[in-house]
Ligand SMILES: Cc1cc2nc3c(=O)[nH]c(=O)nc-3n(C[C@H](O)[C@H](O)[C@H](O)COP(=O)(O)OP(=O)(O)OC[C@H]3O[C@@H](n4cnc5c(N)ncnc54)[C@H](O)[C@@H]3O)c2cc1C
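Single chain ahead, written as structure tokens, the form predicted alone.
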């Protein structure tokens, strides 16, 4: 028997769950979330947990700034009572060349103009921010004090508990296999039956290009593998996420709430590689360049190594909003590694489209799929991992 709802959301990662939460928090109840596995299984539970507005384009800076505002609201509201915590510990972008310092100065001007109080700090102040940092090779650093981190596990748990308590069904292990567009809505065939939705949101992360291609929609998205490692637990010594963009692969390190060091670095990979194709030498590739800044990392014990996907558009900006020529179809995908941090604002944008007909932020209009089709790209350079 066909199951029905006014709104269907395909995707049980942070984007799909946050969108469902935003709709439910506004009193909308006639919706269903479909997820191919369990909530968060995918890029969400593999992400570094960092949240920042220190980007280089107006679109990212403004929407991430608003997203941080909402992360704070989430923590202070019902989601916070359910365990979500946004810890505003900052980001520290290292510079070992004068050229990098000049690039930071340019981005700081734009960030400050748009309300993000980043600033350039000297090695002594960087040392005060991260006392265990070796600053002998440091020229300066960009400090983003509004940035922070939040546990993906606690965040997903809070969202799921909220949705369940408000009667919003999350159908787990329900993989969307086929979408048929009809005049009155969308018929979705899944691994556990058929659904019909008047409005459909495709927020399926790495699975979004496959589903949208069934409707003749080209996203130009590539699922690019990214690796990360987690060490054993230590006492808190690093507050912010620390990035070294001058080293190939932009290695970074962040200490989780449990004390483990989460470390990542971009390495050459083939798009669409399955997320179980681990590299045996990756832990050393990730840790070695960070020894310049944290020599003591040579002694840490690596507990886990995993791989996920950056669901990447040609310009490293997401595709958010309705699809021209497809009535009541909305896309929220292609976050290029930034979906977790942008999820509160992205959810508000989709909810605005569904309930109000348009988003309240003008910057959101530029993120529609038309820019991809036109080749009107918004190039982002502050990419980590």
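Residue numbers count along the first chain shown, from 1. Owing to the predicted nature of the structure, the values given are computational and were not obtained by experimental measurement.
Although it is not shown, the form predicted in complex with this ligand is what the next lines describe.
Undergrad: Should residue 308 be classed as touching this ligand in the predicted complex when contacts are defined as heavy atoms within 4.5 Å?
TA: Because a heavy atom of residue 308 falls inside 4.5 Å of this ligand in the predicted complex, the answer is yes.
Undergrad: Test of understanding: in the predicted complex, would residue 317 fall inside 4.5 Å of this ligand by heavy atoms?
TA: Close contact is absent here: in the predicted complex, residue 317 is far from this ligand, nothing within 4.5 Å, heavy atoms only.
Undergrad: Does residue 49 make contact with this ligand in the predicted complex, using a 4.5 Å heavy atom cut-off?
TA: Residue-level check for residue 49: yes, a contact with this ligand.
Undergrad: If we define contact as a non-hydrogen atom of the residue within 4.5 angstroms of the partner, is residue 30 a contact of this ligand in the predicted complex?
TA: No - in the predicted complex, heavy atoms of residue 30 and this ligand never come within 4.5 Å of each other.
Undergrad: With this ligand left out here, work out from 350-358, 22-30, 332-340, 317-325 which stretch has heavy atoms within 4.5 Å of it in the predicted complex.
TA: Flagged stretch: 332-340.
Undergrad: Checking a candidate spot here: are 11, 14 and 203 all in contact with this ligand in the predicted complex (at least one heavy atom each within 4.5 Å)?
TA: Yes: each residue has a heavy atom within 4.5 Å of the partner.
Undergrad: Scan 197, 252, 104, 74 and let me know which has any heavy atom within 4.5 Å of this ligand in the predicted complex.
TA: Contact with this ligand in the predicted complex is made by 252 alone.
Undergrad: Under a 4.5 angstroms heavy atom criterion, identify the one residue in 160, 228, 108, 126 near this ligand in the predicted complex.
TA: When this ligand is considered in the predicted complex, the option within 4.5 Å is 228.
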